[in-house]
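Taking the form predicted on its own, here's one chain by itself in structure tokens.
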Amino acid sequence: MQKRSFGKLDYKPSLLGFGAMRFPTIGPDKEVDEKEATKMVRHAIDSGVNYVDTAYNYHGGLSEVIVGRMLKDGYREKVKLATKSPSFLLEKEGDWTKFLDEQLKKIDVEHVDFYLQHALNKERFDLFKELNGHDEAVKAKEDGKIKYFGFSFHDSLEVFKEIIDTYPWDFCQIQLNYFDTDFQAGLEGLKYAAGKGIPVIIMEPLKGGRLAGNLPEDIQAMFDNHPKEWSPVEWALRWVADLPEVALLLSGMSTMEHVLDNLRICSAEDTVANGLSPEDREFLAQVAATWKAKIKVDCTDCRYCMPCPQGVNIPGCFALYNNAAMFGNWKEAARMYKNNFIDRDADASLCIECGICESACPQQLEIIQLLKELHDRFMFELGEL
């Protein structure tokens, strides 16, 4: 496994970190297949992965508990453990420490190595400051409950720089991939943080799996016709690894096949900083430009917008809308919309514009308007508009 540097910290992270947001699930209730997930995580650790990332809200609040069990039998000592303070639940002073203590019990550990203020945007950061959250974090470090304190981020570059400059953060985490170079913090934010000596962890290197498979025919053809026989996944991960400012990349792997493939890519001798040629970088820029012209909604299926109080399957609607736009199968998608959304009381027409989803969306999507647009388009295709 390739190793990176982590700023001034005495730690050499594996290039690949295991994200615990997309474990395999089973049954109609989508319960985590803990046996298979444990097998996957432990195999990754045995193969050199030394960073595992979870959060308070992943898998309906059960991810931390499951990760805690996975790291028994000596595996806790082999990795750095990361989890996140639920920024969206903080209401008053003392909540920050209350949730941390709850998380330590859930994971069944005495301390967390890397603790992040989760999904900061302008509003959440202002509240964090108002509630003196950083003072509580400093106290938690002094008490040995956490070793390093950072944040994950979803807002504009301007807000990112403000957050970076406000406190002496130990590290940060941003969304970045070859498709999103100018989105949120983007490449400029990566370099800004690294320039201040702050290690940067990358999430969504595959954009929620959208850069991995089921690609539009013309996009897939671009990869197939390239002289280098790399899969779309390999291109995407190598693009992130190519950036010297990246401390490590997180991958939310859902199958053992994903684990094995990610390990292979991130263990290759040439998957290193500055490992791509100028021609390789230009090729991916062309892929991104071609693809961006197709996508209707830039949703990563993080599901922070769920559950909708009215039952709208927001990410499901967006996924169907995007797939129809990218593949051009509008009639088929419209039938699926009726069968899987309208007939199941999960369609966009149920939206009452309460705005809860928009305040929770890390991508800051105009969800209400987008739901109207996709509903109208599908109803048109069904001949009912």
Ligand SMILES: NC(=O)c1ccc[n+]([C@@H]2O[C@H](COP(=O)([O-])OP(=O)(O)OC[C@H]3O[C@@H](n4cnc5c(N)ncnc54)[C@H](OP(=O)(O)O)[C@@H]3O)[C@@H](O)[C@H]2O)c1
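Computed from a predicted structure; not experimentally measured. Residue positions are given as counts along the sequence shown, with the first one as 1.
The same protein also has a form predicted in complex with the named molecule, omitted here; what follows describes it.
In the model of the complex, every residue of the candidate spot (53, 205 and 252) has a heavy atom lying within 4.5 Å of the named molecule. Per the 4.5 Å heavy atom criterion, the named molecule in the model of the complex is contacted by stretch 150-158, the sole one of 219-227, 96-104, 150-158, 268-276.
At the 4.5 Å threshold, heavy atoms of residue 83 stay clear of the named molecule in the model of the complex, well away from it. Contact annotation for residue 244: none of its heavy atoms lies within 4.5 Å of the named molecule in the model of the complex. With a 4.5 Å cutoff on heavy atoms, residue 20 counts as touching the named molecule in the model of the complex. In the model of the complex, the named molecule stays beyond 4.5 Å of every heavy atom belonging to residue 295. Residue-level contacts in the model of the complex: of 172, 112, 119, 163, one residue has a heavy atom within 4.5 Å of the named molecule, and it is 119. The partner is absent here, but in the model of the complex a heavy atom of 233, alone among 90, 233, 140, 288, sits within 4.5 Å of the named molecule. Residue 304 is the only member of 288-311 with a non-hydrogen atom no more than 4.5 angstroms from the named molecule in the model of the complex.
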